[in-house]
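First, one chain by itself: the form predicted on its own, in structure tokens.
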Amino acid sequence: MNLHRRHFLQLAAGLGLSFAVPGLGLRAAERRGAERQKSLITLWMAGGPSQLETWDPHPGTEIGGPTGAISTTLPGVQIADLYPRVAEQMAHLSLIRSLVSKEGDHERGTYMVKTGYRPDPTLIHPSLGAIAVHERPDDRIEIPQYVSLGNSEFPSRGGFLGDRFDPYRIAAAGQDAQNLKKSVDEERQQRRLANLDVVGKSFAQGRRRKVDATLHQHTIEAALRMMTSEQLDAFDLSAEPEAVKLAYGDSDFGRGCLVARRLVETGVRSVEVNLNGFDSHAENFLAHRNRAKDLDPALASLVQELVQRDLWQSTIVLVIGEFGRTPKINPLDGRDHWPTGFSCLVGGGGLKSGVLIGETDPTGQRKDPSDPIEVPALYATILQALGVDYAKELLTPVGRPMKLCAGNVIPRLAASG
């Protein structure tokens, strides 16, 4: 199904929903969206969130457990009742309930879903965010163009694109990040840099190629550029109203989502925000209730603010983990790994909204979902929306030709124009 924006706004007003409409007219919003280069925000649900306790509940069935379902602004679509605020924003998003992967191990599944490729012992593939930065660099951005917020056991990488495309990682977003500002006065700073330059040049004599391979000079120059940039304020939440911070939730993940909004507002190309704790082999329902306390306000506020600030058409939001969890509830009241028929939310960046793809068996007997979607197809669709030639072939450092993405675009989800 495809719900047009105007129809959605009319429907929302009729339902008395709580989100605000954008301050700009539709034409202005569309124009600004086209002019601004697109960014990607990935909300990474580490551990494998259960589709049944998030976006594909089956209440009242043997596999459904105690989780209920609530209606959303996407007509005919219900999600877990743990997400009342996300339900209000669903019409901006699309939902895939039929993602499939062949990787049911955390590390291998994470690699697969972050890169679109299965692990290969001869090669490290770049993550989706690294590809976006490599293919759509912006010299006007003085802070890292690929940022990862929150801890991650299996962090994203630049892979064969090079270490310079690894994300800049901040463990606790919105806190005082270490080493972002100089700790001495300007005179002493310049003296230190001059001394460092002398030592660096002396060390590089006779070993220039090896020194260049370390990215040492590049790292210093990028760090100094960032430390003196006004764009650094994007990491600082002190200027945000308390009501806004409260809306995102008092959690590292909530602050991460708010920083992510500020980063894409500044022009950062790719941001990841990590939420751990979905590996629920035991006490699955308690784990998901706890995760929803962080995810529901943060995701809903992020979508709401991106729409209100006219950033929705220029920002893709992807909510995904490495796989889902089994329909069967194990003796520990948990669910195990399930790489077949798991769910994700995606929207913004000109992608079609209000699209529902796939269906899982409410009895849990049939393993394969209807209308299966492979991860590379999703990533081809996202890369195309970002303005990247997803089928482009690059040579790896050892001369091996490799496509950025091995999938094909999903037409019913793809951005038009």
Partner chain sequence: MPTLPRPKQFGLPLLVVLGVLGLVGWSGRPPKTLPLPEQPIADDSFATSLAAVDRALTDRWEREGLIPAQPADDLTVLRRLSLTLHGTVPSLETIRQFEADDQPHRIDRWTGRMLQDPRFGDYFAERFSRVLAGAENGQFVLFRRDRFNAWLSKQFLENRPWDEMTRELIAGRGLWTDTPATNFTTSAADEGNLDSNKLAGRTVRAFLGQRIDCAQCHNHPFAEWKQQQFEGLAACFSSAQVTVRGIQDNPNKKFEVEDRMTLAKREVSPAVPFAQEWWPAEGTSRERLAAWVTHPDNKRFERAIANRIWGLALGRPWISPVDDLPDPPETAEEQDVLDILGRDFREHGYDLHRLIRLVTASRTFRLSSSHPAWDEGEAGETLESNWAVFPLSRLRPEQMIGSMLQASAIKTTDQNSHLFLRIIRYARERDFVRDYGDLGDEELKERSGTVPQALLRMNGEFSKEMSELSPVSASGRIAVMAPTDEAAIEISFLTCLTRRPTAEERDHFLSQLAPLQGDARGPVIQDLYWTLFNAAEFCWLH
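For clarity, a rigid core is taken as the largest C-alpha set superposing within 1.5 Å between two forms. Positions refer to the first chain, counted from 1. Computed from a predicted model, the values in this text were never measured in an experiment.
As for the form predicted together with the partner chain, it is not shown, yet the points below apply to it.
Stretch 202 to 210 is the contacting one of 288 to 296, 262 to 270, 131 to 139, 202 to 210, since its residues have non-hydrogen atoms within 4.5 Å of the partner chain in the predicted bound form. Interface residue among 121, 76, 241, 331 relative to the partner chain in the predicted bound form, by the heavy atom within 4.5 Å criterion: 121. Checking 172, 282, 246, 215 against the partner chain in the predicted bound form, a heavy atom within 4.5 Å turns up for just one residue: 215. The candidate spot formed by 71, 97 and 114 is out of contact with the partner chain in the predicted bound form: none of the three has a heavy atom within 4.5 Å. Interface membership of residue 336, defined by any non-hydrogen atom within 4.5 Å of the partner chain in the predicted bound form, is ruled out. The shortest heavy atom separation between residue 400 and the partner chain in the predicted bound form is within 4.5 Å. None of the heavy atoms of residue 81 is located within 4.5 Å of the partner chain in the predicted bound form. Residue 219 belongs to the set of residues with a heavy atom inside 4.5 Å of the partner chain in the predicted bound form. Residues 157, 163, 164, 168, 169 of 138 to 172 are found to place at least one heavy atom within 4.5 Å of the partner chain in the predicted bound form. Superposition on the rigid core between the shown form and the other one places the CA atom of residue 212 2 Å or more away from its counterpart.
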